[in-house]
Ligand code: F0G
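What follows is a single chain, given as structure tokens, in the form predicted alone.
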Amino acid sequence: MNPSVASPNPAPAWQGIIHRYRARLPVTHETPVVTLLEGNTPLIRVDNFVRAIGGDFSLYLKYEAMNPTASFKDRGMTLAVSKAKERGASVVICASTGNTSASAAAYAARAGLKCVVLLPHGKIALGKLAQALMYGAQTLTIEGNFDMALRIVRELGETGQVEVVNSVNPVRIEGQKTASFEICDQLGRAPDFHFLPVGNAGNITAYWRGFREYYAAGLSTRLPQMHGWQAAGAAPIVDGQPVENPQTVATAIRIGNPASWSGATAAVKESGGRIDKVTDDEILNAYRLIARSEGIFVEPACAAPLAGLIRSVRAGLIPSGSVVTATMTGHGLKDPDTAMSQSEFKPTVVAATFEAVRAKIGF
């Protein structure tokens, strides 16, 4: 066949999660769909990583870095901003550790709405801050942490003058659940286990909702155990109480009082799973390993469930032959400073000659 001749029946182009899963989302034909064609992200099998950690199972990573603003937040934001526009809002607002601000700013720009983001001062990865600024959001940094910023945003939402697009907005969870649908569609089944990071806990709540809905509709034949992982310095759910000053290198999950706490605990209880914590050293080790064994670059928060999976393998908790999926919430370029500090890169200066370069690389 001549490759220059187009197929007479080309596959339909992806049109975003609202179009794909409209029947399972809280939209009508009157809803103005604000989309950047989010969703349809890769599910990547990572056998090298599994061998490196001594596992005997299949592991697939839902690589949400391939969403338009390079994080999973876009799934919920297309719903939140579409519904805000439907209700006639002119301003959307969010508190953020970074990814939500980037997504809210992008979708607000797409919708022609003003976006205001509140960030904890000095505690946001530069890649995420750059996005919010470039998309044109009014960016305010507060002298406090994420939980303080979210409290202010919720109070502003109660005035009726702005639309809050954090995951306290229920349509955010509705959008995020579509990742579970995609996993089942891509695998042809639900996994036995699903691992993901837990910060504000909206994602574990959303994924469990999605898996349950597909199961109830007869579109999958099993429900996975949900395994959420927090950073040891920001583990309020594991520790059983809010953390006043959360600390972790994984800025996306540096949250001391999750808004979806009850949803997360319900997900693990109903699924027979668990929420646990890993140290920053474990997170950084997994962060380096997934990059060097598979060529997959993720932000540090994504490495929390990978570190948790390593712990689970060592404890004998993943039976041989299991199918495991894990959510990689955002791209490694979101946090270039951590990447550079962990790369152990030291430039080697050599003469600009063939012989000098060949000698240095050992040929």
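Keep in mind the model is a prediction, meaning the values are calculated, not measured. Heads up: residue numbers just count along the shown sequence, starting at 1.
Unshown form predicted in complex with the ligand; subsequent notes refer to it.
- Taking non-hydrogen atoms only, T329 approaches the ligand to within 4.5 angstroms in the predicted complex.
- At the 4.5 Å threshold, heavy atoms of S180 stay clear of the ligand in the predicted complex, well away from it.
- Contact check for A286: every heavy atom lies farther than 4.5 Å from the ligand in the predicted complex.
- The ligand is not shown here, and in the predicted complex it never comes within 4.5 Å of any heavy atom of S82.
- Figure note: of the listed segments 310-318, 47-55, 295-303, 27-35, the one touching the ligand in the predicted complex, with heavy atoms no more than 4.5 Å away, is 295-303.
- Contact with the ligand in the predicted complex holds for none of L59, F211 and H227, as no heavy atom of theirs lies within 4.5 Å.
- Of the residues in 90-112, those that come within 4.5 Å of the ligand in the predicted complex through at least one heavy atom are, in sequence order, A95, S96, T97, G98, N99, T100.
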